[in-house]
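Below, in structure tokens: the form predicted alone, a single chain.
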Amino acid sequence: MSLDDFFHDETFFGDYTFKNSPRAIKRFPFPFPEDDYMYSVNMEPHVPGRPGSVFEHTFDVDEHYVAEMRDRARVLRDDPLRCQSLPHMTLAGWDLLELIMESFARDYPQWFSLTKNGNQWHWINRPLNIDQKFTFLDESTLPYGPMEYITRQAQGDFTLQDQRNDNLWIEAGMVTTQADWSLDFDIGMSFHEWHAPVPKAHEMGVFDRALKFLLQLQHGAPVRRFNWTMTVDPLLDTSPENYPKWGPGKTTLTKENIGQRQHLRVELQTLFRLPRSNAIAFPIRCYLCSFEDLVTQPKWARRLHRVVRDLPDELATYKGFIRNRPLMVDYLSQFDDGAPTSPGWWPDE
């Protein structure tokens, strides 16, 4: 299959031409293994998973790759502060560059290649027409710093956490596909400060347990978890800085258009201990799927109805859809016949 045949030419703003293929719908990382939901750490080892799934490789490169990278470049042109790295995080940026380049070249050799001769590296990214020779650990040989250079070529957001004083500090990141949080506001914050807005989880001890776990994270043993929210229209950049542009869209949903415009937004979050810097890389990969596409999978249609209907008000408010929950429940209810659902998140074959 040629590059043009696999990668979509689409947009995530304005006319919103984003569309999931039938294959993309089937492999969508539906985040609910049960018919109800409560915030939890829900970590598991990030090991190769089911062939064809988003878990098959270390990083998932899918049909939206080229369009998402174009969208990232557009956001950065408008707001360069979406990418920031404090000076002491440069080594962690090189660690991340190495991790992504090696993973891409190993898992997608038809699209990416990496050749090394000592510290002289040659990187080829065929989908984005990049052919770059550079010296590893020498910033002057790249057009951007190492973290920015490689995350302009990798789907999802990325933050880098420095570990010191028994805490994690968010001190570098590339964040253009976020679910209503700001890197510019959060940079320099500790783990608990960064997660302060999340309801219920603090009193449940979720973040105390998560921090204790992550401080012990070992190199070569990455972990993953899901997070999710809702987004009106397939908009990747739902940042607080741009809320005046996307927030009012919540008021324009109707029973006639909700199936097409309301999207389940899922984050596949992975965490890697980096080898030289001892920092933790936190990729946050965003996937979008419209309600009308989700309900083509009967198990997901039943379960999503039950989760949205029964979610505590505090969580529906935090996730930003309390206003439209009645519309969502009404739409989804027509696809829920009350039948039991099978365990786990995979669609029924």
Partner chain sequence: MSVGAAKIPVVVTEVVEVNSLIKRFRFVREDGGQMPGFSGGAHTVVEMDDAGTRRLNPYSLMSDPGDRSGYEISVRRDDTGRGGSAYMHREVRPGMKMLISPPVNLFGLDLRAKKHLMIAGGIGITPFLAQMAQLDAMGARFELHYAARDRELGAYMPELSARYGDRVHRYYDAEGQAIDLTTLLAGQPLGTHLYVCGPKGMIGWVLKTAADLGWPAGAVHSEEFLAPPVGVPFTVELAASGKTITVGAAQSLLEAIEAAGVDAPYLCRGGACGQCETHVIACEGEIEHNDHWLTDDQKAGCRHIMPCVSRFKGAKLVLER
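Positions refer to the first chain, counted from 1. Predicted model only: the values in this text are computed from it and were never measured.
There is also a form predicted together with the partner chain; it is not shown, and the following applies to it.
Contact between Gln216 and the partner chain in the predicted complex is found at the 4.5 Å heavy atom cutoff. Asn165 belongs to the set of residues with a heavy atom inside 4.5 Å of the partner chain in the predicted complex.
At the 4.5 Å threshold, heavy atoms of Lys133 stay clear of the partner chain in the predicted complex, well away from it. For Asn278, a non-hydrogen atom is located within 4.5 Å of the partner chain in the predicted complex, even though that partner is not displayed.
This chain appears without its partner; in the predicted complex, the one residue of Leu128, Leu114, Leu91, Leu253 with a heavy atom within 4.5 Å of the partner chain is Leu91. The partner is absent here, but in the predicted complex a heavy atom of Glu98, alone among Asp233, Asp180, Glu148, Glu98, sits within 4.5 Å of the partner chain. Screening 152-160, 104-112, 216-224, 139-147 for residues having heavy atoms within 4.5 Å of the partner chain in the predicted complex returns a single hit, 216-224.
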